[in-house]
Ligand code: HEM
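The chain that follows stands alone, in the form predicted on its own, written as structure tokens.
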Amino acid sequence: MAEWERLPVDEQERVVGRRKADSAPLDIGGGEGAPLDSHKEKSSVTMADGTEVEMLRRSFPYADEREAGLLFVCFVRDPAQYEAVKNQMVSPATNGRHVGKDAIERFYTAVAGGYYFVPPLSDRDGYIGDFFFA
């Protein structure tokens, strides 16, 4: 966290690929969009069948006197979709649209993870887990 907090806002925006004030996509100039190694660009994945990965996601930052971290939760139709996103984020490969590892990778270390099946049961008011995205 300390390394991230020391970065000027414009560099944080470059790493993430979005403006900090309103989360709007960053434009590095000339209509080029976000930097090719930004988190926004590296986490945008097209599957082999040509479909874009659709992911509902939410991050929950936490901190106390002993530790700080981020709990990341996402929902995808197939675990292969998340794997494709994560693989692209950590791959240093260059393939036209994506260049190098995700710039945000240098600011965190994953310490645990898991996959859970959440059935898409609906009721008359919505779906299980809707409250995460309200």
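Keep in mind that this is a model prediction, so the values were computed, not measured. The numbering used is simple: start at 1 and walk along the sequence shown.
What follows is about the form predicted in complex with the ligand, which we do not show.
query: Is residue 43 close enough to touch the ligand in the predicted complex, meaning at least one heavy atom pair within 4.5 Å?
result: Yes.
message: Would you classify residue 62 as touching the ligand in the predicted complex, given a 4.5 Å non-hydrogen atom cut-off?
response: It does not: once the ligand is placed as it appears in the predicted complex, residue 62 has no heavy atom within 4.5 Å of it.
- prompt: Hey, in the predicted complex, does residue 70 get a heavy atom within 4.5 angstroms of the ligand?
  reply: Yes, residue 70 sits close enough to the ligand in the predicted complex that at least one of its heavy atoms falls within 4.5 Å.
- request: Using the partner position in the predicted complex, report whether residue 75 sits within 4.5 Å of the ligand, counting heavy atoms only.
  value: Judged by the heavy-atom cut-off of 4.5 Å, residue 75 is well away from the ligand in the predicted complex.
query: Among 7, 9 and 21, does every residue place a heavy atom within 4.5 Å of the ligand in the predicted complex?
result: Result no, not one residue of the spot touches the ligand.
field: Neighbours of the ligand in the predicted complex among 73-90 [non-hydrogen atom within 4.5 angstroms]
entry: 82, 85, 86, 89 sit within 4.5 Å of the partner.
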